[in-house]
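Read the single chain below, which is given as structure tokens and is the form predicted on its own.
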């Protein structure tokens, strides 16, 4: 634990010394790390000092996360009716911002959070954070925000408050953000944390099944369609990508989370070093990038597609049409031919 972490953890502990009105929020379209870290912290705070705690999500989240303890209490922000959420944010003494480093990641909810007088506390592991918060519990070497929440609990001296509900939420976030413990971010420290959670009583098999083995029929059919009809391979750049149209999503009645993990199938191909998922959404074209080895998809996304993230996992967007976005993607690829053709 670094000196800065200890200092920030002490700040947070002091802020929590008396009962507070607390809002926890996370990024748009929360994944398991975003929702898991939020719910893990939620359960901890509710066991302390009579805090009033509310989770506000900027959007809905995948149905395969509905098993998480406490998820039914999450308030989904509706940009058409912001007045329903505004009182929670306005009355907050503290606002915990989890798993995002820029207020733009919470979309329209930013209009409520940014002007709020509540102290803002970031817990996050993404690169190049914006400096909008009062307290920074941040580490870009952490595997997941859930890892940081666990460390914060220990550093504040509240290990005795850990229970199975908290453990299940934190396990899910670490599990998914490490690619089921296969990504380079899976350090020995991660395994020690996971061991602690299992000793606490967390059923790891149950969580794996809940997240990975609860597909709807339509999602499986969509996956088969995408693999057979929408996967493209650019051998000269060791690149593979999916191009998903709005009609494809409509055809298979796609729900939030149904494209989750699809990009990893492209990356799993032999000799592929870079994979992309390009999806036509109503508001814009959304993009997910994954890579192996030294190729930084964070830089790729930041330089060309208004995005960011981690070195080997990032996202971006485009306001061009789907086909024009594809053309731009292929044109940009030419600049990276040499690095993409290096043996990883």
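The structure presented is a predicted model; accordingly, all values stated were derived computationally and were not measured. Residue numbers count along the first chain shown, from 1.
Omitted from view is the form predicted together with a small molecule, to which the following refers.
- Heavy atoms of residue 280 never reach within 4.5 Å of the small molecule in the predicted complex, leaving it off the interface.
- Residue 62 falls outside the set of residues with a heavy atom inside 4.5 Å of the small molecule in the predicted complex.
- In the predicted complex, the small molecule sits within 4.5 Å of a heavy atom belonging to residue 313.
- The small molecule in the predicted complex is approached by residue 308, whose closest heavy atom lies within 4.5 angstroms of it.
- Stretch-level contact analysis of 36 to 44, 314 to 322, 65 to 73, 51 to 59 against the small molecule in the predicted complex, using heavy atoms and a 4.5 Å limit, identifies 314 to 322.
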